[in-house]
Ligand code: ATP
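One chain comes next, on its own, written out as structure tokens in the form predicted on its own.
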């Protein structure tokens, strides 16, 4: 499904992603774990192509130069220079960190915006599914996004991403700032979405403990590079991972 080879991303002379290679298997959940500034969000923005928009904006402002090297292959096609809008049409959909919902638009309007690339029948079917996975959103569909709790906003952000008909769903820090109870609910939902729909998923998360049990394969990043990788079981048995993420 997705193959990343020797990927490097620089902000001016500072390296954000350092020679990462990873394989994402179709229909599976891949985890990307690491502390703040480990390179997780830069990796997700580079896979989605958002980094190219960021690069263009910085160049127009005369700000920091962003350099992307390496290759990203999706469904057999090299997409490293492909626009983010074209990647989205191919099914690569990013659910960004900190939700980034439209605060002044209602829940329903946010979901409809997410479904702009979908056919009418796809949008209706997916909307029904989103309300099944997140029934709270159905009760809140007329409420403005800015008046939702953090957990409700994260449900909406994931629901909006699903409306875009993803083949590869990128979830960046989905548990950020949430209560343990809401974390459990969202982890269960993300696992259920993968099992029920078969959507290939990458979850980038600092809080590995709740996510590790649902991933099929994972990578641990430090200072922009992948230092450990393995199956969920292998990572949970790794003493360095246990020490860093489980306090054992």
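Residue numbers count along the first chain shown, from 1. Nothing here was measured: the structure is a model prediction, and the numbers come from that model.
Missing here is the form predicted in complex with adenosine-5'-triphosphate; even so, the following discussion is about that form.
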Indicate whether the candidate residues 41, 64 and 173 are all in contact with adenosine-5'-triphosphate in the model of the complex, with contact defined as any heavy atom within 4.5 Å.
yes
Partner contact for residue 37 in the model of the complex: adenosine-5'-triphosphate, 4.5 angstroms, heavy atom:
yes
Is there a non-hydrogen atom of residue 54 within 4.5 angstroms of a non-hydrogen atom of adenosine-5'-triphosphate in the model of the complex?
yes
Although adenosine-5'-triphosphate is absent from this view, report whether residue 144 comes within 4.5 Å of it in the model of the complex, heavy atoms only.
no
Considering non-hydrogen atoms and a 4.5 Å limit, does adenosine-5'-triphosphate approach residue 97 in the model of the complex?
yes
With adenosine-5'-triphosphate left out of view, which of 24, 16, 235, 20 would have a heavy atom within 4.5 Å of it in the model of the complex?
16
Exactly one listed stretch (178-186, 194-202, 29-37, 210-218) reaches within 4.5 angstroms of adenosine-5'-triphosphate in the model of the complex by non-hydrogen atoms, and it is 29-37
Suppose contact means any heavy atom within 4.5 Å; which members of 123-140 contact adenosine-5'-triphosphate in the model of the complex?
none
